[in-house]
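To begin, one chain is listed below as C-alpha coordinates, in the form predicted on its own.
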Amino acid sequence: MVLGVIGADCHAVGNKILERVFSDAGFNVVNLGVMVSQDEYIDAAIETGAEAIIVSSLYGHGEIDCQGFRERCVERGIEDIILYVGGNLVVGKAPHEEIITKFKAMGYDRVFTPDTPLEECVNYLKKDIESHRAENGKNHQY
(Lines give C-alpha, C1' and ligand atoms only; values in the text may rest on other atoms or scores of the structure.)
Protein backbone atom coordinates (compact mmCIF):
# COMPACT_ATOMS: atom_id res chain seq x y z
CA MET A 1 0.00 0.00 0.00
CA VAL A 2 1.03 3.59 -0.59
CA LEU A 3 0.45 6.09 2.21
CA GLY A 4 0.94 9.84 2.47
CA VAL A 5 -0.44 13.24 3.37
CA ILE A 6 -1.83 15.03 0.33
CA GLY A 7 -1.37 18.55 -0.97
CA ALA A 8 0.27 21.31 1.06
CA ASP A 9 -0.53 19.51 4.32
CA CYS A 10 2.57 19.02 6.47
CA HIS A 11 1.00 17.11 9.39
CA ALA A 12 3.52 14.31 9.92
CA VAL A 13 2.60 12.75 13.28
CA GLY A 14 -0.64 11.10 12.16
CA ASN A 15 1.10 9.83 9.04
CA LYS A 16 3.74 8.06 11.13
CA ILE A 17 1.03 6.57 13.36
CA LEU A 18 -0.80 5.24 10.31
CA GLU A 19 2.43 3.77 8.94
CA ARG A 20 3.08 1.99 12.24
CA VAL A 21 -0.47 0.65 12.59
CA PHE A 22 -0.62 -0.70 9.03
CA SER A 23 2.92 -2.13 9.21
CA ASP A 24 2.18 -3.85 12.51
CA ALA A 25 -0.93 -5.34 10.87
CA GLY A 26 1.25 -6.96 8.21
CA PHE A 27 0.93 -4.53 5.33
CA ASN A 28 3.90 -3.58 3.17
CA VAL A 29 3.72 0.21 3.55
CA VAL A 30 5.38 2.67 1.21
CA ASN A 31 5.14 5.95 3.13
CA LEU A 32 5.62 9.01 0.93
CA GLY A 33 5.48 11.38 3.88
CA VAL A 34 3.83 14.79 3.72
CA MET A 35 2.96 17.28 0.99
CA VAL A 36 2.37 14.52 -1.57
CA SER A 37 0.85 15.21 -4.98
CA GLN A 38 -1.67 12.93 -6.63
CA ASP A 39 0.92 11.97 -9.26
CA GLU A 40 3.46 11.02 -6.58
CA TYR A 41 0.93 8.61 -5.05
CA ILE A 42 0.16 7.13 -8.44
CA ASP A 43 3.81 6.88 -9.49
CA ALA A 44 4.62 5.02 -6.27
CA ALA A 45 1.61 2.71 -6.66
CA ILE A 46 2.63 1.82 -10.20
CA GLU A 47 6.30 1.33 -9.29
CA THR A 48 5.54 -0.92 -6.32
CA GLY A 49 2.48 -2.75 -7.64
CA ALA A 50 0.48 -1.46 -4.67
CA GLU A 51 -3.06 -2.68 -4.20
CA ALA A 52 -4.19 0.38 -2.26
CA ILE A 53 -3.53 4.09 -1.86
CA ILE A 54 -4.28 5.65 1.52
CA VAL A 55 -4.67 9.44 1.38
CA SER A 56 -4.52 11.44 4.59
CA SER A 57 -5.36 15.09 5.09
CA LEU A 58 -5.56 17.00 8.35
CA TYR A 59 -5.54 20.65 7.36
CA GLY A 60 -9.07 20.67 5.98
CA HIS A 61 -8.36 21.13 2.28
CA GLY A 62 -8.76 17.48 1.33
CA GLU A 63 -11.87 18.29 -0.64
CA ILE A 64 -9.77 20.42 -3.00
CA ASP A 65 -6.63 18.26 -2.99
CA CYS A 66 -8.52 15.01 -3.60
CA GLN A 67 -10.68 16.09 -6.54
CA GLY A 68 -10.01 14.14 -9.70
CA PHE A 69 -7.81 11.53 -7.98
CA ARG A 70 -9.81 8.51 -9.20
CA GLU A 71 -9.91 9.94 -12.72
CA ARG A 72 -6.14 10.40 -12.63
CA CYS A 73 -5.75 6.77 -11.51
CA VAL A 74 -7.87 5.66 -14.46
CA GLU A 75 -5.81 7.77 -16.86
CA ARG A 76 -2.61 6.21 -15.54
CA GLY A 77 -3.90 2.61 -15.85
CA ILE A 78 -4.62 1.77 -12.20
CA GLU A 79 -8.38 2.19 -12.29
CA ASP A 80 -8.95 -0.79 -9.98
CA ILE A 81 -6.70 0.35 -7.14
CA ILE A 82 -8.33 0.56 -3.72
CA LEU A 83 -8.53 4.22 -2.77
CA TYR A 84 -9.03 5.32 0.84
CA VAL A 85 -9.12 8.81 2.29
CA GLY A 86 -9.31 10.00 5.86
CA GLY A 87 -8.73 12.79 8.34
CA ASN A 88 -10.07 16.33 8.63
CA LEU A 89 -11.14 16.51 5.02
CA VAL A 90 -13.13 19.75 4.87
CA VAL A 91 -12.84 23.23 6.30
CA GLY A 92 -15.30 23.82 9.14
CA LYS A 93 -17.88 21.46 10.52
CA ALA A 94 -20.00 19.20 8.33
CA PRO A 95 -21.97 16.05 9.14
CA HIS A 96 -19.84 12.93 8.69
CA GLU A 97 -22.44 11.43 6.36
CA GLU A 98 -22.19 14.45 4.06
CA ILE A 99 -18.40 14.21 3.92
CA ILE A 100 -18.49 10.47 3.27
CA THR A 101 -21.05 10.88 0.47
CA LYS A 102 -19.00 13.67 -1.13
CA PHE A 103 -15.75 11.68 -1.20
CA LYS A 104 -17.39 8.46 -2.34
CA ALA A 105 -18.83 10.45 -5.25
CA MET A 106 -15.22 11.42 -6.04
CA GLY A 107 -14.37 7.72 -6.39
CA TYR A 108 -12.92 6.85 -2.98
CA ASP A 109 -13.77 3.33 -1.85
CA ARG A 110 -13.79 4.22 1.85
CA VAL A 111 -13.84 7.50 3.71
CA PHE A 112 -12.73 7.77 7.33
CA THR A 113 -13.51 10.59 9.72
CA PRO A 114 -10.98 11.61 12.39
CA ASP A 115 -12.77 9.61 15.08
CA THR A 116 -12.62 6.29 13.21
CA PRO A 117 -10.68 3.68 15.22
CA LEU A 118 -7.55 2.71 13.29
CA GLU A 119 -8.28 -0.99 13.83
CA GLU A 120 -11.47 -0.47 11.81
CA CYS A 121 -9.42 0.95 8.93
CA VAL A 122 -7.05 -2.02 9.07
CA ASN A 123 -9.92 -4.51 9.07
CA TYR A 124 -11.62 -2.81 6.11
CA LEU A 125 -8.40 -2.76 4.13
CA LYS A 126 -7.74 -6.46 4.77
CA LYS A 127 -11.26 -7.29 3.65
CA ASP A 128 -11.11 -5.02 0.60
CA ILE A 129 -7.76 -6.39 -0.53
CA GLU A 130 -9.00 -9.98 -0.18
CA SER A 131 -12.11 -9.11 -2.21
CA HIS A 132 -10.01 -7.31 -4.81
CA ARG A 133 -7.69 -10.30 -5.13
CA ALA A 134 -10.64 -12.70 -5.48
CA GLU A 135 -12.19 -10.53 -8.19
CA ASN A 136 -8.91 -10.48 -10.09
CA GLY A 137 -8.25 -14.21 -9.83
CA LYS A 138 -5.48 -14.03 -7.27
CA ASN A 139 -5.83 -16.96 -4.90
CA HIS A 140 -3.65 -15.88 -1.99
CA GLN A 141 -5.30 -14.30 1.01
CA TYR A 142 -4.07 -11.32 2.92
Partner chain sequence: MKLFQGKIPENEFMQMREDALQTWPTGQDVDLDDAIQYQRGLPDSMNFARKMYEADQAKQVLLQPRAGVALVEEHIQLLKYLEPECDLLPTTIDAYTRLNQYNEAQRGIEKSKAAGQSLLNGFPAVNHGIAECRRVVESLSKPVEIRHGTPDARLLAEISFAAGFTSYEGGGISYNIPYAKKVPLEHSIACWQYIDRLVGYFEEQGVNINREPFGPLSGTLVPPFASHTVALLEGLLALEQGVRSITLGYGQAGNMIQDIAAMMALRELADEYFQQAGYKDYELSTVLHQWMGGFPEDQAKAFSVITWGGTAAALSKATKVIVKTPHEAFGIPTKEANLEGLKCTRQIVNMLADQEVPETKQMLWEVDLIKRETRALMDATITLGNGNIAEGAVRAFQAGVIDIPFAPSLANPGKMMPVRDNHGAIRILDFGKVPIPEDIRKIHRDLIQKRADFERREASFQMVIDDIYSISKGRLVGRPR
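In this text the structure is predicted, and so the values were computed from the model without any measurement. Positions refer to the first chain, counted from 1.
What comes next is about the form predicted together with its partner chain, which is not displayed.
In the predicted complex, its partner chain stays beyond 4.5 Å of every heavy atom belonging to residue 109. Using a 4.5 Å cutoff between non-hydrogen atoms, residue 30 does not count as a contact of its partner chain in the predicted complex. Its partner chain in the predicted complex is approached by residue 36, whose closest heavy atom lies within 4.5 angstroms of it. When contacts are judged by a 4.5 Å heavy atom cut-off, residue 133 does not count as touching its partner chain in the predicted complex. Proximity to its partner chain in the predicted complex, taken as a non-hydrogen atom within 4.5 angstroms, holds for one residue of 91, 100, 74, 46, which is 91. Of the residues in 7-23, those that come within 4.5 Å of its partner chain in the predicted complex through at least one heavy atom are, in sequence order, 8, 10, 12, 13, 16, 17, 20.
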